[in-house]
Structures are given as structure tokens and as C-alpha cells.
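Have a look below at one chain only, the form predicted on its own, in C-alpha cells format.
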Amino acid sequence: MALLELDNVTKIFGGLVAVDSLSISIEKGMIYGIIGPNGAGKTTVFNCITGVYKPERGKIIFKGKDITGLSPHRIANMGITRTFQTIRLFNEMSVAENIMSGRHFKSRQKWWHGIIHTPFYYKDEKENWLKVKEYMDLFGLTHLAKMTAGSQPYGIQRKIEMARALATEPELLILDEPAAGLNDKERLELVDTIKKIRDMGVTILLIEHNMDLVMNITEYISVLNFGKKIAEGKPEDIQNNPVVIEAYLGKEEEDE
């Protein structure tokens, strides 16, 4: 059984069909890519999966359960977490506190534990902070733990956002343009980090415009154009697909 399935998912804004009868199937443990030109509907797909949008037609199935139209917090609690194309951090909070905010779903405290500071409060806080340290170590952020997130360079902020998403302990991590704004060195580090996350047992679905990164890291790709899937397959198949090349580069007009 697939971890995530989209069955003929369609999303319409006014008269514009942003996603048109899209069906994909993602197996557990995969690094799966969705690519396509600007305006192809990629981020809309992510928003449908994570509950930001409700599709007009079709179903989204996660671990065999229909999650179509559920609220974002319920979907996140089920094990799907995402990052955003535009970084969204708590800029005045520390790096460690930003990552700790991702532990909200995993905390087992009741509201009154924090007020009277019960022994369970201290136990739960300790366990959560140990997890935060684990993710800071993974992303090389430990030395920045007490620094404000907003004071960090763009590449570091990307890492903080990914660490926060991972802190929810998702089964499916959705990355929206994770390499955007990164330099060559940071992109190489990103490839290594994504592979480490997959080795932790997390399935990864990503949108990315950097084709070198996509071809280097994904195991299977779906290509969208004007909301429709125009191709799918392994990276080497997609790379040489004439339909995909035409979608990106356009079709040369024949000489009259």
C-alpha cells in the first residue's frame, strides 16, 4: 500500500483549473519529486495535500485513510509536515525555540502541567529539548542555538525551517523549493541532509526548480504543466523526455 495517493485530484480557482485530475502514488521511503514550469500547479498540489485547499474533485489518501479536506492541523498531527517556498520563522525567537515550536504535537503535557510545574512537566520538557538538540546537531545548528532566527543568513534560516518541520517527527516531509536562494555549497549540504532524513525513515516529497538537485536526489518524478501531469518516471527517463523538454523550453516553430 502506498503511503500517499492522489486520485484524480482537481482544484479550480474561479474558471482556472490549477490542478487537473492529478493521480500520483508515493511509496514509503521514497524521495519523490514534482517539477514543472512556473504556474504548473505544483504548490497548489502541496496546499491540497496539507489541507490549505480542498479539492473540488478527487481524493487524497494517506496511510489508507481519506484526508481530503481535513484541516491543516489534523493532517499535520497524522504525520504530514511541510516547509514553505517563502521562509516562515519566528524571527525574534532563538534558533532552538523555533525548532522547539515543532514539538507542539509531540508534547504530552496538559495545560495545567506548565502552570504548577509538575514532575511530568519537567520530564516532558527534558525529552523535547533532547529532541531539539538532536535536530540541531543534524543540521549543524547547535552553535547557534541561542541566536535569534531572524539574524541568521538565508541558508541557515532554510535549515532552521527544515529542522522545525522534522521536529514534528513526520512520516511524510514536504519540501517546497528547499534549494531556493542557496549557494552551490549549501545545495550540496542540502542533498546530503535530505538523504540523511530519508535514512531516518521519513518519506520526502519535494518541489524544486534546480534540475541538477532534482536529478541527483529523487527516485521518481511527476511533471506538471498547466495543472496536468504530462510525464512521470525515473530521473533519467524524465531528463530525455521530449514532452518535458517542450514544456520547459517551448516548441520551435517550423519554417514556413
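Note that residue numbering follows the sequence shown and begins at 1. As the structure is a computational prediction, the values presented were derived from the model and not from experiment.
Same protein, other form: the form predicted together with a small molecule, not shown, and the subject of what follows.
- By the criterion of a heavy atom within 4.5 Å, G29 is excluded from the residues contacting the small molecule in the model of the complex.
- Interface membership of T44, defined by any non-hydrogen atom within 4.5 Å of the small molecule in the model of the complex, is confirmed.
- Under a 4.5 angstroms non-hydrogen atom cutoff, the small molecule in the model of the complex lacks C48 among its neighbouring residues.
- Shown alone here, E177 lies within 4.5 Å of the small molecule in the model of the complex, counting heavy atoms only.
- Across the options 215-223, 192-200, 34-42, 66-74, residues that bring heavy atoms within 4.5 Å of the small molecule in the model of the complex belong to 34-42.
- A single residue from the set S101, N91, Q85, N183 has any heavy atom within 4.5 angstroms of the small molecule in the model of the complex; that residue is Q85.
- By the 4.5 Å heavy atom rule, the three marked residues A18, Y53 and H209 all count as contacting the small molecule in the model of the complex.
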